[in-house]
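Heads up, the chain below is alone and in the form predicted on its own; it's given as structure tokens.
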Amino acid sequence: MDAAIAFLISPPAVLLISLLFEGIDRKIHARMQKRIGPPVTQPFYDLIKLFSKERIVPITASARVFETMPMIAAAVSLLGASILLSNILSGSSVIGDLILVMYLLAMSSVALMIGGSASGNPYGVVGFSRKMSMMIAYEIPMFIAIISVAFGSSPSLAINNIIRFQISLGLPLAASRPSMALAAATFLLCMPAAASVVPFDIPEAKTEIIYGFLIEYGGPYLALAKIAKAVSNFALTLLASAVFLYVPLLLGENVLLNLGISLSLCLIESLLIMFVTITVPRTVLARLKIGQAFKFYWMLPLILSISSIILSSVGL
């Protein structure tokens, strides 16, 4: 598929798949708790209802910042996920690499933090502080794990080059070298915190700080925040699938067939990754304190990521 066409169709495809993934996550979560749960299409109904509601800006808020940040958050998360998906769809290099995708996904969280703290609500400020602490805890090992991919036998941060390298190897990157296995483990361990799910939902903690920095958001603003979060979560699972766990399966010379099969396998892997790193933790675990979460990420994932980049730099 042409790269330009792939990039154009990626944003609506990303939005659709992200909301479906969220619906599947909520359904499985409910079933694991022996509840019926909402239909898989519930996220679509939620967005339709929220977009139909009135826009309300608190009197204490910095109005322009409060209103603008959810739009920026949704836009940059869609852009990051679209760059990732279009690289998989096109089979050729699309502008952007792993650093850009990680930056855009991080900026989505930062935009919501800034917008929420601009509401003037003290819970929003507490949520901002907690989220900043959590980002320092998990972003550093996650970033080191991504950077370690650029070392070793195929030094590249271009998403398509990494996919092609896995195809040439005939096996996923995580199975190619011990360093990549450690990098994949680090990335997967960081995903629950990046997705802000239990036990790492500390910045939002509904029973403690009443949704944190999102407390004053409602209507269309909350809808945009939900889009940003759903798309970012999907992008993280797809990134893990494409970079570390890509299954190189080629059937004949039909390029479109191979691309379709590869994309289908990536989406199935993404669902499995979502189940392991998002659905299961938020169903079976209890919330940690901010100190406990910080200690966990700087004791285990950080050590794993540093070990990964050291081993990768020596070719292991």
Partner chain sequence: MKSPWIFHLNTGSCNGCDIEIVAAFTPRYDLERFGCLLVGSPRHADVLLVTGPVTRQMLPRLIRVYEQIPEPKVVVAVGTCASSGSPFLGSEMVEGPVDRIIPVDAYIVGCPPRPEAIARGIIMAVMSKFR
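Keep in mind that what you see is a predicted model, and the values were worked out from it rather than measured. Numbering follows the first chain given and starts at 1.
We do not show the form predicted in complex with the partner chain, though everything after this point is about it.
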## Note on the structure
None of 138, 217, 128, 244 but one has a heavy atom within 4.5 Å of the partner chain in the predicted complex; the exception is 217
### Message
If the cut-off is 4.5 angstroms on heavy atoms, which of these, 151, 165, 143, 211, is the one near the partner chain in the predicted complex?
### Response
211
### Query
Heavy atoms within 4.5 Å of the partner chain in the predicted complex: does residue 269 have any?
no
### Query
Though only this chain appears here, would residue 198 touch the partner chain in the predicted complex if you measure heavy atom gaps against 4.5 Å?
no
### Query
Closest heavy atom of residue 50 to the partner chain in the predicted complex, within 4.5 Å or not?
yes
### Task
With heavy atoms only and a cut-off of 4.5 Å, decide whether residue 260 touches the partner chain in the predicted complex.
no
## Note on the structure
The stretch from 287 to 295, 260 to 268, 273 to 281, 38 to 46 that lies within 4.5 Å of the partner chain in the predicted complex, judged by heavy atoms, is 38 to 46
### Query
Along 280 to 304, which positions have a non-hydrogen atom within 4.5 Å of the partner chain in the predicted complex?
none
